[in-house]
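Shown below, as structure tokens, is a lone chain in the form predicted on its own; questions about how it binds or moves come after it.
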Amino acid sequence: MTSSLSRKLAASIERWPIAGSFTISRGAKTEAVTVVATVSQGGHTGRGECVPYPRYGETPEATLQALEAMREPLSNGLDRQALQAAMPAGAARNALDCALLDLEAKSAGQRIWTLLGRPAPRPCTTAFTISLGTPEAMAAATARAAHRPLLKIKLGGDGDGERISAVRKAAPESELIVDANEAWTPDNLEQNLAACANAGVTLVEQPLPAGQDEALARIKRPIAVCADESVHDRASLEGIRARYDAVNVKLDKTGGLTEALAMADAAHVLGFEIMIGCMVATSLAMAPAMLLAQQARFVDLDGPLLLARDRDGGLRYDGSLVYPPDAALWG
């Protein structure tokens, strides 16, 4: 491959202030730290954004290092298909996979869904996240968002029954989904699920820690339970069938859109409902997931709504309705 046609990779760490703070059972943060990969070839440039997640042992610095290690393979002709075996699933591969997809689309002068043979994405309703706090604080935050049709409520263990009851009173018309982020135990699992069912919650995400969720297979689940930390890619689907009714597909877990599309297809065949999730990040990280939203029962792509500001040219949000990306942003 001649030098003029070789792919050139650049990567950088970016910091985006969060509007207020974002709190889950594992802690709070006031900024989103992302890593952006940029791949250039023949006058065209593709971009991808990821969020390294400490829960999975990832850091921005290690992610940047993993991306920089791919410079030589890319310049020597490594393509997106070969990338799936060259890097493990995770944030770094996500950024590079999405950058390569964006580059493919821009080089061809076509939208990426056309090149992939996928339906063109349509506007869809995203969940809006309510951070973990006291029942009173969560009720106040929920009241300000009660006009939104779908709310995602972060819970965290003791007192969750009071929290979800207060939230429901503050948003009597909204559909509610809950994310416990692994904070419940087998001892309070059924009690908390019952409290959620009584509040009209549609879905509970990852109530028990990954690897310690066997109790979900032994109880009668009064509402649907969704795997997040317990499922990463296609290889982890079969082992969770008895415990979960739905799976949360996130590009930072699957290692990019390439595996995420295959995982969503496989999950559908196995009978799982599908949620499309995200980390707190800019529209560049959300844009590829819009291709997945078309087959999802739940869409949770509110990352940019939680930031103090989004990147220029970001996704259009009309309330909770999110629109497909312009070509200049991605794909």
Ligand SMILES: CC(C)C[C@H](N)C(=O)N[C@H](CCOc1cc(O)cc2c1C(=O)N[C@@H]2C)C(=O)O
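The structure displayed is predicted, hence computed values, not measured ones. In case it trips you up, residue 1 is the first one in the sequence shown, and so on.
Beyond the structure shown, there is the form predicted together with the named molecule, which is absent from this document and is the topic of what follows.
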Quick one: is K29 in contact with the named molecule in the predicted complex, heavy atoms, 4.5 Å cut-off?
yes
According to a 4.5 angstroms non-hydrogen atom cut-off, is P54 in contact with the named molecule in the predicted complex?
yes
Report whether the minimum heavy atom distance between S174 and the named molecule in the predicted complex is within 4.5 Å.
no
Classify G303 as contacting or not contacting the named molecule in the predicted complex by the rule of any non-hydrogen atom within 4.5 angstroms, answering yes or no.
yes
Residues L100, R118 and E259 all lining the named molecule in the predicted complex, heavy atom within 4.5 Å
no
K154, R148, H232, K106: which sits within 4.5 Å of the named molecule in the predicted complex by any heavy atom?
K154
So the named molecule isn't shown here. In the predicted complex, which residue out of M279, L292, V36, M70 has a non-hydrogen atom within 4.5 Å of it?
M279
Note: the named molecule not shown here; in the predicted complex, the stretch from 138 to 146, 242 to 250, 193 to 201, 158 to 166 having heavy atoms within 4.5 Å of it is 242 to 250
